[in-house]
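One chain is shown next in structure tokens, namely the form predicted alone.
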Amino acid sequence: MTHIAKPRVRHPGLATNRLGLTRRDYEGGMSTLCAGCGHDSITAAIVQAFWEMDIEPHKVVKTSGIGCSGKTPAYFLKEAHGFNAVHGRMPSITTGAHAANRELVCIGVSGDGDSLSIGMGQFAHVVRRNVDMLYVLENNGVYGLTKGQFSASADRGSKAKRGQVSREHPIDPVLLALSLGAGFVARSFSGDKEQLVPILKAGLRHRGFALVDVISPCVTFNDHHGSTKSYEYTRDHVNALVHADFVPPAEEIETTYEAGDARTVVMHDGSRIQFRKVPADYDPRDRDRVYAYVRERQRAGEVATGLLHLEPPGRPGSETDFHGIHGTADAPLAHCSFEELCPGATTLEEIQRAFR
């Protein structure tokens, strides 16, 4: 992967967050993606979200697989820990990092090819294990690094740049995550930063697995008439089902909307997601109805976006993340003594006998 460092220029008038850091401090190297790529817009939204949340870059671990999406982590949080895994294996690497140090903020970036083809099994298990991570899926419907073949998320009937028509049924990561029990499921558009940034912030704060599927047009191979992942199609067919505002616990909640136009869901740490302008019968806490509504919008030719499902605290299993399921140590492994990490042959033999 080619890495081009950005010039270290910092304007004295740049705004700073509570850590005294500017947005530039949350950037990475220069992007080598095609000009206009939706992935770069996602990078800008990620930078904005981390900066606004005052997260220390060195307390973040960023991971990715292969493909255009695999390059994205090189372009944000240059001071964070990072690992570029092999194709489809990003979830395993993230699981290992989170298991070793629960204090790290985990963000994994993947693509529709990386997650829904070779990495499908990995994706399914990171959801069911409820690993505490933000999973950003950059969805463009094609394999951009191998000349634009249809990916598993390409809609039936959509056309490729050379005229081929997709005949296979697509895999929808949102519906898949809902069926696998994900507690936080969202979809957005790379061209809608106003919606995407608060969704990313909510995903970072959510305890457990959080999926954000982002329609991210490929300007080289999939941004033409007939493509259902193009800028034109997405803007014309987007259904902003849920407009979400992320409200940290320390801030007062204010709204100018009339009664019945807003719905609030409290997260584990006391922060809130404010849902605005939703259909009267839409409940983001009802997994089955969310699934049905997304399918209904698909049949109408629309792309439902927003924070579609959020499992509220208090429901069975809603507070059991990866560490709660497996009963891991409270402290990061790096903080444990040698004796704790290596208790000796006798103890290891006792553990092995327990599995016989």
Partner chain sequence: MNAASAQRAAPRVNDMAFKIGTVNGTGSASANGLLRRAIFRMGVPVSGKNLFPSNIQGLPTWYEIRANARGHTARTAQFDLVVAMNPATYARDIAETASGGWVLHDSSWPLPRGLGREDVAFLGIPLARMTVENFQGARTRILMKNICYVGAMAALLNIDLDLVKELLRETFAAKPKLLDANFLAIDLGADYARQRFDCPLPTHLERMDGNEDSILVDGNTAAALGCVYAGATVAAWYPITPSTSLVDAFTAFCHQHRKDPDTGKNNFAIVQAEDELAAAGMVVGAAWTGARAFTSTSGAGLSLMSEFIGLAYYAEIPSVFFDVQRVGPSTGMPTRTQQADIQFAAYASHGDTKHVVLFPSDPRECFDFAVEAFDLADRFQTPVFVLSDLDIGMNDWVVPKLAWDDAYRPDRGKVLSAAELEGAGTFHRYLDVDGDGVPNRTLPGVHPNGAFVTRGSGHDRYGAYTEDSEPYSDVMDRLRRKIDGTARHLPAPEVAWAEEPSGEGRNPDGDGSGRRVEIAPDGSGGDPAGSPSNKQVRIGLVTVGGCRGAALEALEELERLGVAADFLRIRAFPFHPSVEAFLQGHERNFVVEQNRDGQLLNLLATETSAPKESLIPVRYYGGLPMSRHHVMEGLAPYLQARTAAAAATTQTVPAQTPAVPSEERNP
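What you see is a predicted model; the values in this text were computed from it and never measured. Residue numbers count along the first chain shown, from 1. In this text, the rigid core denotes the largest set of C-alpha atoms whose superposition between the two forms falls within 1.5 Å.
Although not depicted, the form predicted in complex with the partner chain is the subject of the following passage.
Not one of Gly67, Glu194 and Leu204 places a heavy atom within 4.5 Å of the partner chain in the predicted bound form. None of the heavy atoms of Tyr282 is located within 4.5 Å of the partner chain in the predicted bound form. With a 4.5 Å cutoff on heavy atoms, Asp330 counts as touching the partner chain in the predicted bound form.
Using a 4.5 angstroms threshold between heavy atoms, Ala45 stays clear of the partner chain in the predicted bound form. Mapping the unseen interface onto this chain, Leu348 counts among the residues with a heavy atom inside 4.5 Å of the partner chain in the predicted bound form. Screening Gln122, Ser153, Asn130, Ser190 for any heavy atom within 4.5 Å of the partner chain in the predicted bound form leaves a single hit, Gln122. Interface residue among Leu180, Val219, Ala80, Ala160, judged by heavy atoms within 4.5 Å of the partner chain in the predicted bound form: Ala80.
Contact annotation: the partner chain lies within 4.5 Å of heavy atoms from the stretch 122-130 in the predicted bound form, the single such stretch among 107-115, 169-177, 122-130, 195-203. Within 4.5 angstroms of the partner chain in the predicted bound form, the stretch 321-356 places a non-hydrogen atom from each of Phe322, His326, Gly327, Thr328, Ala329, Asp330, Leu333, Ala334, Cys336, Phe338, Glu339, Glu340, Leu341, Cys342, Pro343, Gly344, Ala345, Thr347, Leu348, Glu349, Ile351, Gln352, Ala354, Phe355, Arg356, taken in sequence order. With the core held fixed between this form and the one not shown, Cys342 has its Cα displaced by at least 2 Å.
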